[in-house]
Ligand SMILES: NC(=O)c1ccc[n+]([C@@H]2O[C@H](COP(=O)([O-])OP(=O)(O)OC[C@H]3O[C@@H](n4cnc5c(N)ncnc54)[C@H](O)[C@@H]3O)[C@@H](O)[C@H]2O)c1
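This document opens with one chain alone, in structure tokens, the form predicted on its own.
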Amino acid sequence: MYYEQFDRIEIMKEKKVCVIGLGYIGLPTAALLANNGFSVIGVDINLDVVSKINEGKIQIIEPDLDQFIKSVISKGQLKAQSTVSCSDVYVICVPTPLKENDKIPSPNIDHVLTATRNIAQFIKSGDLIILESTSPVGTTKKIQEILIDCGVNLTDVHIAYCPERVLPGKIMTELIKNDRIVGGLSIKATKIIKDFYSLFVSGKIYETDAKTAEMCKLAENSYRDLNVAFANELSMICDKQKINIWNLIELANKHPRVNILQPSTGVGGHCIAIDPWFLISQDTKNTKLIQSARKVNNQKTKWVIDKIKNICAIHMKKTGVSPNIACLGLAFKPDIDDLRESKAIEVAETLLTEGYNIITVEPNIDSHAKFQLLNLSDAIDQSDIVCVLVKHKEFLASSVKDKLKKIGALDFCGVFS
């Protein structure tokens, strides 16, 4: 039995893997697979990204990822290119952004469908096709339908959905340690693709069907959106009552069955702010609570903007001069360089568009198209009003917090908690 399992692992590791999409999930996944002995082709339409990766460099900030990439590139285990080539395992990690409709944003799966058509000519018996991109229910089945339309013989071709569950800043660790779910279009596909993941995932791997796996990913992030919405709504209530929200949450969480999350500038990123719309767009009638959470979290950002404007109005009334406003943090969450759907960006851009004097600090990026970035010390010295929008570690040092408190900085993310 041991030797049969050993042979199975060795046979599986001989398979060539093609990871399509080298972004925040695809690149770490490709690096991890290559580090585990697979021969990996990484595909991305951005030629600058392809070139940089082949030089052993990365285009995103993620702890340990740079070392992984340098190692696997130098060993020849990973090669980046702009087109798909024949492989045995195809892992689709392309973006699934929202289409901004008049009423309800809906998911755009065009990149998934394009990736599917691009691999169609290479699919052969025994191949594995895995979708990791966050997708509306039914997308994995659509991959099967497209391949059939392309004339692909899917006999003994195994297709499944396996969503990632990782936290930016801890991706390389969590890709290995976190539990996963595999939902195949058949029981056999589920088992075979589970075996594939077991070669590099130490967490438990749970089997289900494709539709359940797709729904599970959306349910997880919608659940988190709901919980953040409660915290954000509570923060606005407490502000009106002149109650310290951070102290309140700390006290409330002393209850053995209460765990209120931390309020923030709003909910950003390409998961929690986006995924609930995948559910809403498919079923507006039965997603009233999820829709309410989205409205609350979007409203919190508008509330932050209005709060800053009110402070500016008070300053102008006293001095007759338009104040310089320092916005500390532009990323969508602490200690990363990811600006996708960032509510801190929305705050700064809205104020800038409306004619306010904006100074920005973001220690995790080198430049920004709309803002001139300053270091923290210069920003504080040059500003009249300081707004902490993201809880970066650079803002948590005792000396920094003391200085921010002394100048009456507006804390929207719990730096002073």
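All residue numbers refer to positions in the sequence shown, first residue = 1. If you're wondering where the values come from, they're calculated on a predicted model, not measured in any experiment.
Form predicted together with this ligand: not shown, discussed below.
Taking the partner from elsewhere, K300 is found to have every heavy atom lying beyond 4.5 Å of this ligand in the predicted bound form.
This ligand is not shown here, but in the predicted bound form it comes within 4.5 Å of a heavy atom of T134. In the predicted bound form, none of the heavy atoms of V17 sits within 4.5 Å of a heavy atom of this ligand.
For L352, no non-hydrogen atom is located within 4.5 Å of this ligand in the predicted bound form, even though that partner is not displayed. This chain is drawn without this ligand; in the predicted bound form, the residue among E346, E164, D225, D88 with a heavy atom within 4.5 Å of it is E164. With the partner removed from view, the residue among P276, G266, P107, P168 that has a non-hydrogen atom within 4.5 Å of this ligand in the predicted bound form turns out to be P168. The candidate stretches are 238-246, 190-198, 71-79, 112-120, and the one lying within 4.5 Å of this ligand in the predicted bound form by heavy atoms is 112-120. Although this ligand is not shown here, in the predicted bound form the stretch 387-417 places no heavy atom of any residue within 4.5 Å of it.
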